[in-house]
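Quick setup: one chain, the form predicted alone, written in C-alpha cells, and binding and motion questions come after.
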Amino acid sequence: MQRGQFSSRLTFVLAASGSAVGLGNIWGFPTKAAENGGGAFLLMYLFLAFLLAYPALMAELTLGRYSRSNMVSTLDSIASGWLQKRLGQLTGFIGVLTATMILCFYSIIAGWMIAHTLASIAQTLQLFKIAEWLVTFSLFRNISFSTAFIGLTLLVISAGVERGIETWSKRLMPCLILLMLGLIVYVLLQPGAERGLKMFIVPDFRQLADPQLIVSALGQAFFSLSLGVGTMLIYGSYIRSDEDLPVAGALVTFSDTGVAVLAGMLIIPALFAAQQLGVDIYAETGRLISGPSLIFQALPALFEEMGEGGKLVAIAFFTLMSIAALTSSISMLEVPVSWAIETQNVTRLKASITVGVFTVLVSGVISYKFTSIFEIIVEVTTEWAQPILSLMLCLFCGWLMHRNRLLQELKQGVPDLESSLFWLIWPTYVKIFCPLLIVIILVQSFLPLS
C-alpha cells in the first residue's frame, strides 16, 4: 500500500505545528500559566520545551521516518527478542489508545468552542434563545457538538495525507496566526491589559523550585507538542528522506512555543482587562481563575462589556479556538487510523469511519459521566501517559536503534551531520539524560521537596 508523503518542509512544518498548536497552547498553556504564577511557569515551560521536548520530538521523527509505519509496527520493528518486541507492541498500543482517549475528551472541549462561536453569531443576529442554549452546559449540547467536531476531523483524515492533512494545514494555520495577532493587538489596547502582560512575562524566581509547577510545565510541553502518543512519529513517517530532520524539528518546536507565548499574551492580559471592567478574575484560593471559568465566563464577560465591537471580537476569538482544536485533532485521529490501515488491512475511509464512531461513543460516555471522569482522563493522559510514553520512545530510539542506523537515517537529509554539534550531543542526550530527567521530574511529583 502506497504511503502518503508531505510535499515540502513547509507543508510538514505547517502540519506538525498544527498538531502542536491546538487548545493545548491557546487554552491549556495560558490557564496553566495563570495557575502557576505566570512568568515563572513561562520560563520553566520554555526551558523544558527545549531541554526535554525537542530531543524527544527528534526521537519520534527519526523513528517514524526510519520505519515508515505506525507506532506499534515501528517499535516492534526496531526491537530484537521476544520480550523487547512485546514491550514495543504494548508501548505502541498504549500510545494509540492514549491518542484516541485524548481526542475523546478533546472533542468535547472543541465542541464547546464551536458552540460558543455560533452563540456569538446568534447574539449578533439577536437570536438570544438560541445563543443561550448554545452556551448552556448540557448533555445533549456536549454530545451534539463533540460529534460534529469529530465528523469534521474525520472528513480531513479520510482524504489522506496530501489532499487532507497537508491541504487543510496550509489553509488553517495562516488563518489561526492572523486571527491571534489581530486579537492580541486589540486586547493589549484595552485598559488594564498591561498588568496582565507584566504578570505573564516577569517571573517570580522563587516559584521555580515548586515541584508542581515543574510537573505541570513538563506535561504542558509534551501535550502541546503532541509527544508520546505517536502523532509526531506518524508525521515523521510522511517526511521525505532528503529532509533535514534536526532543522524541521527545531522549526516545529519554535513555532509551538512561539504560539504558546502569543496565547499567553492574548489570554492573561484579557483577564486583567476584564477585571478593569468589573469582572471577578480571582478564584476562592486567591489565584487567577483558569480552565473553563477563564474561557467561558471571564472572557465572554469581557467581550460583552466591550459593546458591539465585543461581539465581533467574541466571534473571532472562538473561531480561533475552533481552528486550533481542529489542527490538533487531525493528527490525533491519524494515529489510530494509520494503525488500522497498516495492521488490519482496511481502506483509509473504513478505518477513519470505524475510529470516528468509536471516538464518538467514548466521548458520549465521558459527557454522560463528565463530573466524575473528565478531569481524571485529562490528567492521566496528558500529565502522566504522554511523558511516560515519550520516555519509552527515547529509550527505544537511544538503546534499541543502533547508533549507526540513527546516523545513516539522519544523514539522508544532512550529509555532514556526523561533524555537527547536534550529532555530538543528541544521541547521548536522548539515550541517557532525557529519560533520566523525565523520571526525576515524575518521581519528584510523588515525593515533593519540602
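Sequential numbering from 1, following the sequence displayed. Because the structure is predicted, anything quoted here is derived from the model rather than measured.
Only in words, not in the display: the form predicted in complex with a small molecule, which the text now covers.
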Worksheet item: Between the options Met332, Ala263, Cys104, Ala217, which residue brings a heavy atom to within 4.5 Å of the small molecule in the model of the complex?
Response: Met332
Practice prompt. Select from the listed residues Gln386, Thr62, Asn70, Thr31 the one whose heavy atoms reach within 4.5 Å of the small molecule in the model of the complex.
Written response: Gln386
Worksheet entry | Output flag, Ile234, Ser237 and Ser338 jointly within 4.5 Å of the small molecule in the model of the complex, heavy atom basis | no
Worksheet item: Picking from 183-191, 323-331, 347-355, 145-153, which part of the chain touches the small molecule in the model of the complex when contact means heavy atoms within 4.5 Å?
Response: 323-331
Discussion item. Quick check on Thr74: any heavy atom within 4.5 Å of the small molecule in the model of the complex?
Written reply: no
Practice prompt. Flag Thr359 as yes or no: does it have a non-hydrogen atom within 4.5 angstroms of any non-hydrogen atom of the small molecule in the model of the complex?
Written response: no
Discussion item. Would you classify Ser363 as touching the small molecule in the model of the complex, given a 4.5 Å non-hydrogen atom cut-off?
Written reply: no
Practice prompt. Give a yes or no for Ser224: in the model of the complex, does one of its heavy atoms lie within 4.5 Å of a heavy atom belonging to the small molecule?
Written response: yes
